[in-house]
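Read the single chain below, which is given as C-alpha cells and is the form predicted on its own.
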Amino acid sequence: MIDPGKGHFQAVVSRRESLSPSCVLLSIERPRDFPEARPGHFVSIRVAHSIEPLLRRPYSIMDLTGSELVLLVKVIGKGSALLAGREPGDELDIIGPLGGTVFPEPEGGEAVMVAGGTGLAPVLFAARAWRNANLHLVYGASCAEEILESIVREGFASTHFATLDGSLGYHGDAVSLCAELVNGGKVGGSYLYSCGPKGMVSALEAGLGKRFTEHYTSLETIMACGVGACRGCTVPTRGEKSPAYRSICADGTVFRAREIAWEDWNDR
C-alpha cells in the first residue's frame, strides 16, 4: 500500500475543454503543496457550494504537472453535470491525492492497456508518467463521438479503438478487440492494465487474464468518504474460506484482477 500523503485544498479551474457530447477535460491550477501522485490515485471533489449533492465525487487523476491537475469528467448525473459546467476562474474544494495502491510499472517493457469510457484517465496518467515506448492501448466507447482521439494521440506504441455501434474502429467491445489483437500477436507483453466498467474488467480477466503474468485494474465505483472510513465501496477479494472485503478507495483503487471475487461482487 502506498500513502501519497493527502491534503484539503481550494483550487481554481484554469481551462475547460469539451471533448465529446458527454465528456469535459478540466484543468485545475495545482494548489501549492499538493503532493505528488501516481497512476491510480484520485481526488475527491465537492461539486456544489450547497449541501446538495451532499457527497463528494471521486475522479481519477489523468495528469499532474508542476502547474496543473487534469481531470476527465463525464456527465452522468447532477453532480458530474455541476462539475463539468465549471468555468475558468471557478474555485473547487478538493481532497487528495487519495488511494492506497497504484499501477506498478511493467517489467520487461511491453504491456497492454485496456480502457472503457472514462477509465481512460488513469491509463493515460500511467502512459505519461512512465514514458514507455512499448505500451499498446485498446480503448472502447459507445460510438465514434465518445472516442476521445484528441487526447490519446501520443504515448503509445499502438492505439486500437472499439465502438459498440461500429462507427469507428472495431465493431464491438474493447474486450473482444483486445482478445483478437492478443490472439493475432499484434499486441502483447507480460502485463495487462485495465480501467472501466465492472463488466468489462471481469470479462477481460475471464477471457485473457491467464495470457498475462499480471493483470492490474483500477476499479471504478461510487464512493462516500474516499478514505476507507465508511466502508461503502468495498469489493470482495479471494480469501481462504470466504471473501475478504476491502475498500476500493483506501485499499485500491488498483487491485490484481485475479484476486477479486467477481462472482461475489453483486452490489454494482
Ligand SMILES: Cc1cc2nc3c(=O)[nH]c(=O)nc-3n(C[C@H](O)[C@H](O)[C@H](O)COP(=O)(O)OP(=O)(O)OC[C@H]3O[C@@H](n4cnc5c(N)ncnc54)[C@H](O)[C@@H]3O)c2cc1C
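Quick note: we count residues from 1 along the sequence shown, nothing fancier. Owing to the predicted nature of the structure, the values given are computational and were not obtained by experimental measurement.
One more form of this protein should be noted, the form predicted together with this ligand, which is absent from this view; the next part is about it.
In summary, the region of this chain contacting this ligand in the model of the complex, judged by heavy atoms within 4.5 Å and restricted to 84 to 92, 100 to 108, 176 to 184, 116 to 124, corresponds to 116 to 124.
Shown alone here, residue 59 lies within 4.5 Å of this ligand in the model of the complex, counting heavy atoms only. Though the partner is left out of this view, residue 74 does reach within 4.5 Å of this ligand in the model of the complex, counting heavy atoms only. Residue contact with this ligand in the model of the complex: residue 42 places a heavy atom within 4.5 Å of it. At the 4.5 Å threshold, heavy atoms of residue 203 stay clear of this ligand in the model of the complex, well away from it. A heavy atom within 4.5 Å of this ligand in the model of the complex is found for one listed residue only; from 155, 189, 169, 79, this is 79. Counting a residue when any of its non-hydrogen atoms is within 4.5 Å of this ligand in the model of the complex, the hits in 206 to 220 run 219, 220.
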